[in-house]
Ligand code: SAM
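Listed next as structure tokens is one chain, alone, in the form predicted alone.
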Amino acid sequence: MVCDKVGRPIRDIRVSLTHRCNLKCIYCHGEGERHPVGELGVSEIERVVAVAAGEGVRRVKLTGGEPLLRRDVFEVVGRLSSIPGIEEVSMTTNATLLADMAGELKEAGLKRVNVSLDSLVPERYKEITGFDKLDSVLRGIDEAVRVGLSPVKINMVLLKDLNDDEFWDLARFSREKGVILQVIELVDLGDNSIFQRYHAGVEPLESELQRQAERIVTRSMHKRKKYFLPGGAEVEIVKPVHNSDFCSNCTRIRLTSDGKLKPCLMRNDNLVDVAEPLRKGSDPKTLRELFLKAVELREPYYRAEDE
């Protein structure tokens, strides 16, 4: 398994299939992409992931934009899940299209899904996403559970004065559905006004979870805490802002929709272009060199000495 210059192993790759989306979430960071041009084809994505697998990457997370807008998404899942060494292909989705696609995604090889759901109140959901599609999302969650995509995780971005009073409602909903609730701290990726208006620290919530939890587990990925609550609810906290533990335990590299290896979500000044070499028919050795270059460029965004 390849490691970066500070010793972090690279275990997973997050692949953006498209920058397109059918929602307009107020906090969207678009996976850190800035004005992407074009989209990689299935075989191009497959070639990059195959190189990553050869260097020890074992998990692939498909994202966007909204990955289900790709008409060839089933082929993408099938081809990537068949690459030797890849143990899991998962997806982050807004689930507005998931109800009609979950079964075929499962058959193609998808293991699990993360569903973006910031509110159970229709008016709030529309305020956050720009569209009245909450019912479609709820149907998508039900279908994902039914077909056996497991675990299903609900991603709730905590937003001050907008949904921060809904945590316990979403925790109860997640328990009843048999899914995991993942609470995500809002990050600032360029629109400082959104961050200043809606950023809510997760520390008060963590304190309450620590008080109530029957069991607490610390995951190796990002040193995330997972809380097991009375009654069966499972809650995971994703706290990236000014968190050196989070960065020092990051094992992820990214591939943008237009074909750039991206060492860190928070930066765009160290991208490694693989789109042009792919379209020139570069061999696996050249792609491997580019992959290793991107790994070498990785460094923690938040460091202990800066906190």
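One-based numbering along the sequence shown. Small disclaimer: the values here were computed from a predicted structure and weren't measured.
FYI, the form predicted together with the named molecule isn't displayed, but the following is about it.
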- [ ] Answer for His242 alone: is it within 4.5 Å of the named molecule in the predicted bound form, judged on heavy atom distances?
- [x] no
TODO: Please check if Glu39 has a heavy atom lying within 4.5 Å of any heavy atom of the named molecule in the predicted bound form.
DONE: no
Task: 4.5 Å heavy atom contact, Pro277 and the named molecule in the predicted bound form - done: no
- [ ] Decide whether Val187 counts as a contact residue for the named molecule in the predicted bound form under a heavy atom distance cut-off of 4.5 Å.
- [x] yes
Task: Interface segment, criterion being heavy atoms within 4.5 Å of the named molecule in the predicted bound form, picked from 221 to 229, 89 to 97, 133 to 141, 202 to 210 - done: 89 to 97
Open item on the list: Suppose contact means a heavy atom within 4.5 Å; in the predicted bound form, does that hold for all of Cys28, Thr63 and Val157 with the named molecule?
Closed with: yes
